[in-house]
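Only one chain is shown below, in structure tokens, and it's the form predicted on its own.
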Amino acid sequence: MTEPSFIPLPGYREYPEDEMKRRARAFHEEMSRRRTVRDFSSRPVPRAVIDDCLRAAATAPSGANLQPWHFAVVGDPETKRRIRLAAEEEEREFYRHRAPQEWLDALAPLGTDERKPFLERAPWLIAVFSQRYGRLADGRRVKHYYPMESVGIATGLLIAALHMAGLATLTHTPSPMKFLNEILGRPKAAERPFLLLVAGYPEDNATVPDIGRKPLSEVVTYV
């Protein structure tokens, strides 16, 4: 068994209480502007921006620090088209046959349907994969612990990072998503698609559903 190795906590900054409150409020105000967008511009976004946002996502905590995620970033137009066609095929089945009426009723205020033009129009698609297991430096297989929870945290950081960079996002989860493994050449046994994140600039005339968020009193309990 490997002995643990520890170093002094790097980079921690403590702030005066007033500064803490200001920073917390400012971050909330910034994130409250974030909205899921379906009207994307085709305007290019520098890869360097995406790289830094992915670096931020990869700082997420994970079970046993095994970092059970893989981000397949798609900018190639033909690959984006293949993903759109496969996703729309699954979505047609969902909306017409698989989804119960209760689910369709819940989606109705969002105005969604099987058409997904943003999968081609946005400059970047980021397919997030959860890895069931990985390989050590010597080639041995190692099980990943809490992969879905870990990948969920990393994806949340990625969405926040893209927003802070001035980009819009959309979380797309066609079900099933195994076509992503095939199109993107990811191993089916080891990796499971978690979601497909669309990233880019919103169209100048972009609109979003007129919906709100639950108040803090409905989602938080102090004990």
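Residue numbers run from 1 along the displayed sequence. Note that the coordinates shown come from a computational prediction; the quantities given were computed from them, not determined experimentally.
One more form of this protein exists, namely the form predicted in complex with a small molecule; it is left out here, but the text below deals with it.
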Since exactly one of Leu85, Val142, Leu110, Ile153 fits, which has a heavy atom within 4.5 Å of the small molecule in the predicted bound form? Leu110
If the criterion is a non-hydrogen atom within 4.5 angstroms, does every one of Glu91, Trp103 and Pro174 touch the small molecule in the predicted bound form? yes
Which of 24-32, 194-202, 53-61, 166-174 lies within 4.5 Å of the small molecule in the predicted bound form, heavy atoms considered? The stretch 166-174
Are any of the heavy atoms in Tyr95 no more than 4.5 Å from a heavy atom of the small molecule in the predicted bound form? yes
Even though the small molecule is not shown here, does Lys116 get within 4.5 Å of it in the predicted bound form, heavy atoms only? yes
